[in-house]
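Below, in structure tokens: the form predicted alone, a single chain.
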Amino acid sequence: MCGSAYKNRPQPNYCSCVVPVWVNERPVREILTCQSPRTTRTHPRTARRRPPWSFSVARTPTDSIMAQRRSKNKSYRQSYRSCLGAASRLSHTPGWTARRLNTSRRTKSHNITEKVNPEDLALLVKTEWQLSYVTPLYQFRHTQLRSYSRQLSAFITAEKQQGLAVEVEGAQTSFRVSFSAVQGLGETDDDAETVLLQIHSKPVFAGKDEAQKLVWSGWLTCINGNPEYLHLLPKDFTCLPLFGSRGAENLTSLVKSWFQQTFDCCFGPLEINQTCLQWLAALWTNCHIESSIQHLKMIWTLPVEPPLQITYTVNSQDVWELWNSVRNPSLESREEEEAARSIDIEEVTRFMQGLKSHFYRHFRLDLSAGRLSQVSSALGSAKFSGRIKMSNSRYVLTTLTLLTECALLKMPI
């Protein structure tokens, strides 16, 4: 009787649900059971029962992996927030990532040789630079450049003594850092003065009278920065969003680390995407009358196996005729030179489409399926990887204006 009564007793209500858990891209079920207290009965033969409202979970051995993954994701989110400014002094700065590149710009040449120090200009021009973006610098002062030189020099020496590898040509005994302001590059009153960095060193076995040689150089600049963004920044911040470097990668890393620790900023790689490369191709072509571009060379990468790289070179006169054919006809009725220097994105699009169509007619290859990865002419060269070379000082400001805009758009704040 007792056994029959127990067998036929009212069954308790159980609420069960299956929770899908993903481990290493594969779903693993986790069964969660909740027991209601009102229907819980105790049988004499049962010595111990679970307390009401208890939860039993059938877990898999991979729970530890999930815990590690959640912990790793949490730490990543925290570090990402700190980089974006949640834990920094820029936490209340309005976001800026919704903007896009300007759809119109001018290609006015600038004779900056009279305003800029010839030595500084010679360093900027005809040198290939690796680009990065930089978030605003907290409490950076142009009046403290000498102090920054001593601090960075001491920082590099201390890191070297701790055993970090600083690879330059040959063993080095000491490093001398110099900060300097490059006057004459700013276009507006809102643009902060460009800062030039140079690191000199002398090999261990060099003679006493042998001068130190330049082993690393870099600069931070802001040319025609968007005034709306610049005015929103707190007063203690200096916006120099574009960073160029040349030299040993380890020295570049040390310089970035010092800036991050000293000015509460973040660095990131600045790729020159396809849209910016197309803009540079059009801007340089538009300058052909004033300064011959000699040729327009483009490198396209097609998504095939193995990847196919196509080098497309067009004669300067041919590319100039194509450029004139795609210009807006309303330019003739505008006020002469000023309007002729203005370029719209529609003209850039038609220009590139004309180049692609010409290539397709001859080779039956559609370049639209690929990616533009490099553009070069006599005025300069630019690569998708973020390497830029400016070969003519008259168009340095035009190029830096576009790159400053790209850097501002790439920043995560």
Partner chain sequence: MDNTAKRLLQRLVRRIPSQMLKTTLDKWSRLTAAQRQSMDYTESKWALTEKLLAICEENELTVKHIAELEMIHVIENPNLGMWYVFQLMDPQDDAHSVELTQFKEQFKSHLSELIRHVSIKIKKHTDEAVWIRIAWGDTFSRPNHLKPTYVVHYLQTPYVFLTSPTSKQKPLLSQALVLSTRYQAIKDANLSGRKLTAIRDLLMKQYLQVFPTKFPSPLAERNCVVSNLHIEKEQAGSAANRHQMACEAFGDGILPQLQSAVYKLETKFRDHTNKTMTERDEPFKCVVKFASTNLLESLRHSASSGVASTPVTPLLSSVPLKGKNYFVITDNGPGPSSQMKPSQK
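The shown structure was predicted, so the numbers you read here are calculated from the model rather than taken from an experiment. Residue numbers count along the first chain shown, from 1.
Form predicted together with the partner chain: not shown, discussed below.
When the partner chain is considered in the predicted complex, Leu322 lines it closely, a heavy atom lying within 4.5 Å. Mapping the unseen interface onto this chain, Leu233 falls outside it, with no heavy atom inside 4.5 Å of the partner chain in the predicted complex. Heavy atoms of Asp318 reach within 4.5 Å of the partner chain in the predicted complex, making it an interface residue. Looking at Leu214, you'd find every heavy atom of it more than 4.5 angstroms from the partner chain in the predicted complex. Exactly one listed residue, out of Val182, Val314, Leu254, Leu131, brings a non-hydrogen atom to within 4.5 Å of the partner chain in the predicted complex: Val314. Contact annotation: the partner chain lies within 4.5 Å of heavy atoms from the stretch 300 to 308 in the predicted complex, the single such stretch among 189 to 197, 214 to 222, 300 to 308, 245 to 253.
Counting a residue when any of its non-hydrogen atoms is within 4.5 Å of the partner chain in the predicted complex, the hits in 358 to 386 run His358, Phe359, Tyr360, Arg361, His362, Phe363, Arg364, Leu365, Asp366, Ala369.
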